[in-house]
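Next up: the same protein chain in two forms, each one alone, written as structure tokens (structure 1, then structure 2).
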Structure 1
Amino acid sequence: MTDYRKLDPIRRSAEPLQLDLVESYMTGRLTRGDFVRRGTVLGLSLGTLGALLSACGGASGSSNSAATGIGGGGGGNVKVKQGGTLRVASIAPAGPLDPVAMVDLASYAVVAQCYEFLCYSGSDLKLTPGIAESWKPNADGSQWTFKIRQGVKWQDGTPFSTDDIVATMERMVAGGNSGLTGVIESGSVTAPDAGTVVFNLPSPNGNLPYLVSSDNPQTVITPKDFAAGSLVDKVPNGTGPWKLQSYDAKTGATYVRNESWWGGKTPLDKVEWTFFQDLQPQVVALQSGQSDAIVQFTVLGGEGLLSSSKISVIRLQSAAHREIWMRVDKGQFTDKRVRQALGYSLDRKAMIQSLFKGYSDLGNDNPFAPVYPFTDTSVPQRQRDVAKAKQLMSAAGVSNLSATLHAVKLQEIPDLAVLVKSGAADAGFNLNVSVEDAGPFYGKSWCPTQPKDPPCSGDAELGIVDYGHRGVPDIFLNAALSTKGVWNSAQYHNPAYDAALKAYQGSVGVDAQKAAAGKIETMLLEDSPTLFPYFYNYLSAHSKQFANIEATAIGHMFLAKAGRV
């Protein structure tokens, strides 16, 4: 039963978008979990959300949650010992540690040990404070105001200021390598005083806090005078809990405690990262005790970790996925019927079983994963249909299409490429699989730095690239699929899609978001510039000798509260 004596005072002080959220929950259009997650995006504190749940007749369950984000110590609550070193096994970063230009999960994790975000997106999709203590939108989501934490210092001893945030966002606009393209413009972000940053958007956006959180790794806050193109290992600084002591791109990194961190003293003295080129040595290192944690592993090759009594496994349902792109501007995939045919040739259920033993959700050739509350599940799921694939190929006047399928040498992707090749053969595709190391794949086949216009115009007309999890699909929709998107390897260009994306970004209410999602899902199934076979569960692991290790499905491992039990 709703307790209006508790509810009404909160509603009177709420913003219009927050009121829409409360009404959606009260009328049963949102689950309890989705209500809490969406509430954190709109700036409702966990205490307020707990009070709302209590007033609506449910246990609060949220009011005692940590007040700071993952990077700020919002992880586990197990009592741990002071001192010691944690040894982490990780794949090697694919390129230089340029916080604006980085594109791979390994780089994200390494950089985020030292540098922090305005807010943090947790494994449960809830947003928690970081450099920003709180935030709220105006009536239509076209302006967002962030209150900034005071007393923060850079690791070189200089005071942190709101000017650092403004300068970071200007670099985001200039670099174009994030989901903020088209969301903010030069001059959009201002600092009216020492404790406030305001985002004045060219059009409403209901998900902005996610886009300046750990879910958008390029938005780590760097100093005002941080020059574009600088590498964080060459000019190490940051505001985070760890200071970079040494770094070698091939072998690893060492971090020591930042004694002046605003979040307090970390239990651990030091963290050592060891880089590997392949998964199996990482698994062996953890099993043998040479490492204490592994950032990410897969079911194939990691079975021993799943069954070990000495290992704690973190399993997260996520939007992490593999994207199969086809160039729509030139080559053999310009006819959408050919692209649709390849989509119908995929045996998604077999992929999930053979690659993940079921630890995955089906993909429907769009970025709206089942984990998102506004995904429109009424859009029909694309199934394997070889007869239809052949019919589409015949209608397009194509038979025995031969092409090279480029795949990065990462986790299960080479095995996925083989399954794509096998299934496609039944529909008349003759695919040659080319498995490539990260450097040449990302820098040549997928998204080379040149030409800049159009961006992401790689050599490959067909390939498989990895995408880490995000709390909302905005970055996938924008960077990977919008016209001249910085990661648009398909070179997809459809004005109707761009308009639908703009409508989705401006859909700040719950019902409006779902309606906009359904329109995009249907459009992408029709055009099929990219295929999304599955959204896999993210797996991380660590020795049970350690606790309070926080992993997120975009590749981050936050260790501010980690320690030996």
Structure 2
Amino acid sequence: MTDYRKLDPIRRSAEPLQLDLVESYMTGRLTRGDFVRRGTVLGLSLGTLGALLSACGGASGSSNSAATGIGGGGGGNVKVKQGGTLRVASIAPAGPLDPVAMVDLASYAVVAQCYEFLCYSGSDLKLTPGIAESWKPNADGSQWTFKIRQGVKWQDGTPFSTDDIVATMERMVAGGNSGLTGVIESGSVTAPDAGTVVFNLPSPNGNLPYLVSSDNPQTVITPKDFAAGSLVDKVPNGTGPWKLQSYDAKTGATYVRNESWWGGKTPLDKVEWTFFQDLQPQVVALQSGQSDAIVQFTVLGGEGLLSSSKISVIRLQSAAHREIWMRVDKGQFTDKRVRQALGYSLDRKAMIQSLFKGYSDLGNDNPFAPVYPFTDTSVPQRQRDVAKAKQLMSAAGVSNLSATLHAVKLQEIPDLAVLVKSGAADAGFNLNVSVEDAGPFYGKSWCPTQPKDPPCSGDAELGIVDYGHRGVPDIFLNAALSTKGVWNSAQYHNPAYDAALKAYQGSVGVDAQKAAAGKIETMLLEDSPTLFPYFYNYLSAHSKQFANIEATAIGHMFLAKAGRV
């Protein structure tokens, strides 16, 4: 039963896009969870969302992790003891801790202990406040206004200001940030006063808050005088709950409590990160009590953690996935029927069972993961169909296609390559698997730096590359699939797709976003420049002696509320 006496005052004060969201929920086009998720993006506070749910006849019950401004999986609000040290096991960062240029999950987690985001994207895709206390779009989503938290200080004593945010965003533009390229331009971000930052976008974007959240790890807010290329371990600073005390790229990092953090006193005194080269030593360290938490582990190799009574596992449904790219502009995959045939040869269910013991969602050869509320689930799921694959190969006039399948030596990817080869053989493909170390793979097979234009045009014709989780698929759609996208290893070029992407980015209403997503899903399924076999669950774990540890599917581990139980 809708309580209009409660509802109407909220509706009257709502912005047009917020009103559209409320109407969508009231008419049953959105689930409760999707309504809350989308509401946080559009700047509705959790209190307002609770009131709206109550007015619409649902229990409010909306937990608010905004006390620390951090969202994620695990976590909770368990009462913990004051004091102590948490020892975290992690893969070593792959490169220098340059917040603009870093590209690996280990670096993201290390940097995000000290530096903060405007807002945080949790595993449930809800956005929670960080340095920004609130945000809201204008009527068409072309302007977003962020209200900035007061009382924030840099760890070196310098006062925090909105100029720091403007300078950070300028560095994102200059550095060609994969999430913000094409979304903001130089001069797009302004600070009209000490408590406000405004994003004036060249074209409407309904997902901007995600693109300046922890989902886009390079957007950590750094000081305005932070020179491009500076390393956070050389000039330790930040506004976050932890101060970097020591850092060694090979062995680990130590953090101590930031006594002047705006969020208050952390339960833990100290956090020690130990770096490892492989998963197994990390698993052993956690099982034997040498470590208290592990940032990420996989099912294959970490099964012992899943069944341990002493370990809490954080399982996050995510959009993390692998992409099998095929060059559409030259080579043997220019005919889309050949690409479709490879897609039909994949046994996705068997892959999920073999590689993840079921801890994964099926992929449908587009980046709209089941975790996204706006994914159009009416688009038919591509199933293994060898007869159809052979038929497509025959129609394309191709038989016994031989190619090298390049795969990076990372987690389950070599095994995925084996499964792709095995399935494809039934359809008439003869694939040779080439498992490569990260350096040669990313630098030579995937996206070589030369030739620069178009990006990625010197890559191999077939390969498998990894993508981490994002709260919205904009980076996957833009960087990996749009014309001249910085990670467009398939060299996919389709003006209709580019137009559909533009429409999707500009769609801010719920129905419009779902419709735009469905159009792209259908288009990518037809063109199949890149195959998406699955979206795996992100797994993190910690000892049950600790609580309130929060993880995100892009590799962060937030410890501001963590402590010993």
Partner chain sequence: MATGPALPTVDVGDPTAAVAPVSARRAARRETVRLLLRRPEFLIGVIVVAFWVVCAIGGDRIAPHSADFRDPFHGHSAPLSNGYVLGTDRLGRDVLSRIIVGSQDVLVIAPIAAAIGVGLGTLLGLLMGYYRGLVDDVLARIVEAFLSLPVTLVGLLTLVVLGSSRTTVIGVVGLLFAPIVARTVRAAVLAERELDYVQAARLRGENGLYIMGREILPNITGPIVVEFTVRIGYAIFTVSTLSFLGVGLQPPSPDWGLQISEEYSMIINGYWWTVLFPSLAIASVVIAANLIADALQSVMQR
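Throughout, rigid core stands for the largest set of C-alpha atoms superposing within 1.5 Å between the two forms. Structure 1 provides the reference sequence; residues are numbered from 1 along it. What you are looking at is a predicted structure, and each value in this text was computed from that prediction instead of being measured.
Between the two isolated copies of the chain, the second is the form predicted in complex with the partner chain.
Relative to the superposed core, Ile311 undergoes a Cα shift smaller than 2 Å between structure 1 and structure 2. When the rigid core is held fixed, the Cα atom of Gly343 travels 2 angstroms or more between structure 1 and structure 2. C-alpha superpositions between structure 1 and structure 2 give a turn of 10 degrees for the smaller rigid part relative to the larger. Relative to the superposed rigid core, Ser489 shifts its CA by 3.3 Å between structure 1 and structure 2.
Superposed on the rigid core, the forms differ at Pro440: its CA is offset by 4.5 Å between structure 1 and structure 2.
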